[in-house]
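Below sits a lone chain in structure tokens, taken as the form predicted alone.
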């Protein structure tokens, strides 16, 4: 069984970050270790929440793991709480990167043209350094614009998407993936480009709903698929289809929209979709 570790926050209640990554990746048949970057009482869509930064714990945990000679087939990062943590994660990559391992970075920091309130204007450059050391990065359009200092647009065409992907590759990653891509009003999906020039895109029907934590669902499913041996395109498509299934399930309980996307009931469907793809390998 493959083993990965994910570095991101724990929201004790609410569907996001590690509370998404751990069950989804585990259900896909991959061992998922965790290294929490912060602990929150709930995710930040709740009116009242507490937050404790765990920056001081990252290096001691890494030291203990190194003494135990632990290794990981993959490293997956999500929300990082500060510029300091970006530097700590870069160091973690150097210590635990393996020749055949995969480093996946979801540069969680912005959406809808704006940085999240917790981050200052210097944060994107620090996150760009983290991305430079990754094999695969999965920003949304807004995050890609901040990482590459590109003008954000709500309306764009395929050439704009291609340009963003090319700029992302210049950061140093092996493969750049853009999430939330939409060149027409009825479809939403992903587009990727790697250093060899190979491109891929996959679109589903656009769901009218928008829920907290779908980006975490996407990145976690992608990581699980890659660890199970799916090619990048198959893993990207699987993650997109699973997120749509979760959104549609959540839409049936409109009073829970702010809480996060309902993924638990859809895990059997995810496992079935994964096994179907694995049989075709």
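Residue numbers count along the first chain shown, from 1. These numbers come from a predicted model, not from an experiment.
Just so it is clear, the following notes concern the form predicted in complex with a small molecule, a form of the same protein that is not shown.
Undergrad: If the cut-off is 4.5 angstroms on heavy atoms, which of these, 251, 70, 45, 61, is the one near the small molecule in the predicted bound form?
TA: So the residue touching the small molecule in the predicted bound form, by this definition, is 45.
Undergrad: Can you work out which of 108, 190, 136, 141 has a heavy atom no more than 4.5 Å from the small molecule in the predicted bound form?
TA: Residue within 4.5 Å of the partner: 108.
Undergrad: If you check in the predicted bound form, is residue 244 within 4.5 Å of the small molecule, heavy atoms only?
TA: No, residue 244 stays farther than 4.5 Å from the small molecule in the predicted bound form.
Undergrad: Considering non-hydrogen atoms and a 4.5 Å limit, does the small molecule approach residue 40 in the predicted bound form?
TA: Because a heavy atom of residue 40 falls inside 4.5 Å of the small molecule in the predicted bound form, the answer is yes.
Undergrad: Classify residue 79 as contacting or not contacting the small molecule in the predicted bound form by the rule of any non-hydrogen atom within 4.5 angstroms, answering yes or no.
TA: Although the small molecule is absent here, residue 79 would touch it in the predicted bound form, with heavy atoms inside 4.5 Å.
Undergrad: Looking in the predicted bound form, any heavy atom of residue 213 within 4.5 Å of the small molecule?
TA: The answer is yes: residue 213 has a heavy atom within 4.5 Å of the small molecule.
Undergrad: Please pick out the stretch from 22-30, 53-61, 227-235, 213-221 that is in contact with the small molecule in the predicted bound form, where contact means heavy atoms within 4.5 Å.
TA: Of the options given, it is 213-221.
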